[in-house]
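Take a look at this one chain, the form predicted on its own, written out in structure tokens.
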Amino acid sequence: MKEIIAFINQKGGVGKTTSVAGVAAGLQRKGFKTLLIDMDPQGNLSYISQADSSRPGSLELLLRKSSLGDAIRQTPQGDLIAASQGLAAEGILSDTGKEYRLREALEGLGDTYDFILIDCPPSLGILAINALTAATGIVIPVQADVLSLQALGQFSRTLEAVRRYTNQGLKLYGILLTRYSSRTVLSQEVFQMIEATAGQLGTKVFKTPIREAIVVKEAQAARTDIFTHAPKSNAAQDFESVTAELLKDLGSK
């Protein structure tokens, strides 16, 4: 198992699920065996992946009520551990060591996958902490707006706490700008501020922003990946570039 990457932002509506799906498709196109994990109670990644909702998912795995073999589903967009009903319930994990449940479960995979991508919930509760504790690194999708900038500052405190208590080696691979329009003056100004914040966090902003495009929503409605739905679109080109940049940073070929 090479890399476990958590896509996280406590602010909702920033293109987090879109980013996970796009990068996963980019990795698979390059021949990397990739597992997706949906830890978001909304289950959007599970839906667009056409996951079978009748089987155990991420909640059963965390509660140790399911094996990895039973939880992993084969979908048209690759292997997936889907979101389960009940993920949003209060107090689903309350015992000592609850932060390590996902990490412990994934240890059973060994080197089965080159990449594991986790779609985190838009909050910083126990599900997100499990994802960050299991991960080798983080990608933070953000929009070029002031609320995303505020969320970045708040997340930095969570990152510091996770590194201190549950995952000392957790890396921050970069900030991924989504739904970007270069024609918007505000977007350009906020982009510069996000770059400055990235420097304070000891990371970078990915060189290629994911441009706003209707084909992304069309692909999700068709429950397929962007490369299958619109291979020549700006969004497909953007995700291909982001995937290549991530692989270069990680030293993969």
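The numbering used is simple: start at 1 and walk along the sequence shown. Computed from a predicted structure; not experimentally measured.
If you look for the form predicted together with a small molecule, you will not find it shown, but the lines that follow are about it.
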message: Using a 4.5 Å heavy atom cut-off, which of 204-212, 23-31, 191-199, 54-62 contacts the small molecule in the model of the complex?
response: 204-212
task: Look up in the model of the complex whether Gly137 has a non-hydrogen atom within 4.5 angstroms of the small molecule, and give yes or no.
output: no
task: Indicate whether the small molecule has at least one heavy atom within 4.5 Å of a heavy atom of Leu36 in the model of the complex.
output: no
Proximity of Gln42 to the small molecule in the model of the complex, heavy atoms at 4.5 Å: yes
- prompt: Do Pro231 and the small molecule come within 4.5 Å of each other in the model of the complex, heavy atoms counted?
  reply: no
